[in-house]
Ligand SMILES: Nc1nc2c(c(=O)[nH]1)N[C@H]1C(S)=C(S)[C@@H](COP(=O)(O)OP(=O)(O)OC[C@H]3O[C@@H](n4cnc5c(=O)[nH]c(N)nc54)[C@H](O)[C@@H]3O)O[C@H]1N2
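So this first bit is one chain, no partners, the form predicted alone, shown in structure tokens.
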């Protein structure tokens, strides 16, 4: 008899609540949960296809262990024995930095991916950490660290109350939002327009989001920081700077005005290809709006001045008095955040505490650039050992990092490699051991990271909708066992990992004078934790110690796991509210508007005013039915408009003699690919667009449907040398390419 079960969708950052229809152990349908306190019934095509993604026949069901050069099915004990035998000798002979760790985007979409990698990294002690952040959002983390003292203090636009929203490099009608968790982002933008608000979109493509806007500015790719700097300069020049209630919490306003003096709308107009009067209008409209918010995303991060652009987004929010006020950009407060510390000076944020071995790239937020992974494996220098063993967790850098061909060869040269992945994909095919987590229906879900970016404070938790299939292992146990296997604890009960975290966390809490459990007995507190397993006990611990928690009885009406379980559709914690100065951890205790590393990088931006592309430049694009390389093996989410084509403007097509559908060779510094042309006026002249995440044509994978229409890997056009110097983020947009029409070639 079919039944229903609740599940928070893990397929994008919107975190919508779903109602699953389950027949036996199979999810047969998914719809939006109208009673969900956050998403209110919204669902996108990815969420509606939850069952198809969950039941994908290509999902691995048993571990794979390489024997005689081939990956063969094995039992869990054999797999973890192989991990311990393969990784520990590398650590013992060459040291922990010879073991690299790659964390992919899906880690922030699962409970296990949030709870265990920090424990693994802490126990292993490696500095060779690479994540998807450096091909995505690292500039925002770095700018937030420099401005606010905390790389994870990212203000989000107050979508439901703002009067004026300026989006740059963002296309939330396709992405559903990013670094801004907002179910039904399209509906929220339409509601903004309906209440008389204004939407401005800055993007080289006339995206679905741009079509909704009151004003679309078709900027030249890569010049986002110049346009934002000029907008800020107008605020100073025309006396429009008004910090309002922010003034006591900000330092460096006068110095910032001097630093931006040269970036006039006229001086950046040619580089941005935006008329000076348009830039002045952007500034005046921001200043005049009753409330306003500026929001930038991946298009403004993955460019040569990504950190400066991310910094200027928040600079504009500060200069117009819109940071930390309703209708502007505010800091969310998640239920599992640590107990808020009192306002005051903090430790600040440091960059470059160590550098990569080969090219000397500075670390950012404890990470090295993913673009440098191949050279860290395949290049021998006098500066320490190469990466000889690699752990990848939900990561496919052969497709997501620049120059996948080089990385492909480098992975094949490793002494040992472990992949935690449900698929045998372009990266995991190189592993000596593949550890497959169960499908999402068989896993619990709580959004640790995305609730810190949500446009409304709320908390939700769903237990597995379907019991764990015999022969499978929970992802939480997989990662706990992996941690033990690579750090010398192989054979220890994996529950010991959770117990150690609980003990360490409570020990610190009872010593903290600002904690609600200061001075209490940690053993007594641990005994009060509830939950069916270690991960649930850890969630209960975080909820109780968090800003809305019961403090283990100190606040009887506060949050606990038991209270959350009693509210299966979630608990609404209210709209975002002003929090400054409490979130600030800078050494001054204020928003430091012109940090030293930013000021030192401004001359490079000034030189960019004179730069012009010699030919077409490349940008990526998103599709509502894709999430990087994850979704292409689900038939319901591919085909139609979700195709790997090279979009170019009719004028460029005419100049090249290209017709729609004709093969075109695209050549960049890292290589060349061939894709069918899609002639469209939605992309501006001089710009071409290829989507990210395709290229499923390598041998040895098990992605049956994706391989039928593999597309091409856009990142193969990059050689990995173009990085934003402050964050180490790969430059993926605004890069020059050469186009050659092909005839007589079948695709």
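Positions refer to the first chain, counted from 1. Everything numeric here is computed off the predicted structure, so don't read it as measured data.
The same protein also exists as the form predicted together with this ligand; that form is not shown, yet it is the one meant from here on.
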query: Candidate stretches 589-597, 106-114, 78-86, 250-258, one within 4.5 Å of this ligand in the predicted bound form by heavy atom; finding: 106-114
query: Heavy atom of each of 169, 425 and 733 within 4.5 Å of this ligand in the predicted bound form; finding: yes
query: Contact test in the predicted bound form: residue 437 vs this ligand, heavy atoms, 4.5 Å; finding: yes
query: Residue 362 within 4.5 Å of this ligand in the predicted bound form, heavy atoms; finding: no
query: 4.5 angstroms heavy atom contact with this ligand in the predicted bound form for residue 395; finding: yes
query: 4.5 Å heavy atom contact, residue 458 to this ligand in the predicted bound form; finding: no
query: Residue (of 299, 328, 369, 155) lying close to this ligand in the predicted bound form, criterion heavy atoms within 4.5 Å; finding: 299
query: Single option in 441, 483, 476, 175 placed near this ligand in the predicted bound form, where near means a heavy atom within 4.5 Å; finding: 175
query: Any residue of 123-145 that, in the predicted bound form, places a heavy atom within 4.5 Å of this ligand; finding: 132, 135, 136
